[in-house]
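Consider the single chain below, provided in structure tokens and representing the form predicted alone.
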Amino acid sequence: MREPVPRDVVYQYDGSLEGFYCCLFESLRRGELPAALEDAADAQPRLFAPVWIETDPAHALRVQRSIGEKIAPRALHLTETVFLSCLEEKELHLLHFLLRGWREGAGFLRRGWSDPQLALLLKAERHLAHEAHLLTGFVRFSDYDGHLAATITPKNFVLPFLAPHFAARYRGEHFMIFDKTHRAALIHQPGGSRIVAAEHIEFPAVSAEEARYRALWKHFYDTVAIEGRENPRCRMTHMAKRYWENMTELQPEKAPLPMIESGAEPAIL
């Protein structure tokens, strides 16, 4: 493989994984190592115009196959996971990682955390996996006329990792998880799930019954707390404050707990 020569050029692409693979293809074809790769949606004004890289599925597939076959399946998995992470300049880090992989082969992957370049990617992978794990417990659904919906604001693009968990858990339900940070939504209905772009979603007003269940859940959460053992610092350690805005039990009280008819038992108890 001819080693690309560093150039003072910026590649701009459509933000997709296929688009990123096409940036790699063009880097190798042109024999140049760009100074930066950027998603067109997040691009900053520059003095010189960036080079637009068109997404070609055939080129993307060639690169994807080459990573798995000429480096290692683990390299492909790490690449496609880190691409969904919030690592700063992830495209450039992945470009250098893959060029090294094609040059040295799979052997350098065994160095793991002892290798600074690998450690950076492994840390990003672990951060994404940890956030996805937390959100399997922190997602709070509301009922909108028989359809469940929730909003999340993660740092990483975790919807592909949440999909199997919630699809298995609510197999027969219609539900949606809206990722406000990345402007995308996981939509599930019996028989399948898909992730779609969603710039903004306006939820309808909640019904009186949904408002009552929200209040009951918050009341339950507040009631089971042991006042003498409250530890805000510990709570923030296990439940980062950035998740609180989407958690029902941590919202400010807007109305008194709705009355329950005598003898009736709330379905959640």
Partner chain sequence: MMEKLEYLVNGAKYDAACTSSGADRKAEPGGIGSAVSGGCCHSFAADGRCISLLKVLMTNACIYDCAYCVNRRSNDIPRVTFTPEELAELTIQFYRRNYIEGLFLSSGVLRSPDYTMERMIRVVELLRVQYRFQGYIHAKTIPGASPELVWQLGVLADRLSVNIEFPSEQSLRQLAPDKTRQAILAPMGQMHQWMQGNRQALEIQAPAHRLPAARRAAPRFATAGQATQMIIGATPESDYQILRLAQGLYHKYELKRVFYSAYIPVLEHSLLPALDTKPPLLREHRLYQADFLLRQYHFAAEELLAPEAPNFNPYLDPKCNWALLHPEFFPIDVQRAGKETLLRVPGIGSRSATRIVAERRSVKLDFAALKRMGVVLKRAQYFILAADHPRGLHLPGETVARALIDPKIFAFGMEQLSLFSPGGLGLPGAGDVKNLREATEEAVLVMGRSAYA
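Here the structure is a predicted model, which means the values were calculated and not measured. Numbering follows the first chain given and starts at 1.
Beyond the structure shown, there is the form predicted together with its partner chain, which is absent from this document and is the topic of what follows.
With the partner omitted here, the stretch from 72-80, 90-98, 153-161, 140-148 that lies within 4.5 Å of its partner chain by heavy atoms in the model of the complex is 140-148. None of the heavy atoms of I195 is located within 4.5 Å of its partner chain in the model of the complex. Taking non-hydrogen atoms only, I226 approaches its partner chain to within 4.5 angstroms in the model of the complex. A residue is said to contact a partner when one of its heavy atoms sits within 4.5 Å of a partner heavy atom; S16 fails this definition for its partner chain in the model of the complex, lying far away.
Proximity of T181 to its partner chain in the model of the complex: non-hydrogen atoms within 4.5 Å are absent; the residue sits far from the partner.
Taken together, the three residues A168, E230 and E249 all lie with some non-hydrogen atom within 4.5 angstroms of its partner chain in the model of the complex.
A heavy atom within 4.5 Å of its partner chain in the model of the complex is found for exactly one of L216, V51, A43, A36: L216. None of I187, A119, C86, A129 but one reaches within 4.5 angstroms of its partner chain in the model of the complex through a heavy atom, and that residue is A119. Residues from 182-197 do not approach its partner chain in the model of the complex: none has a non-hydrogen atom within 4.5 Å of it.
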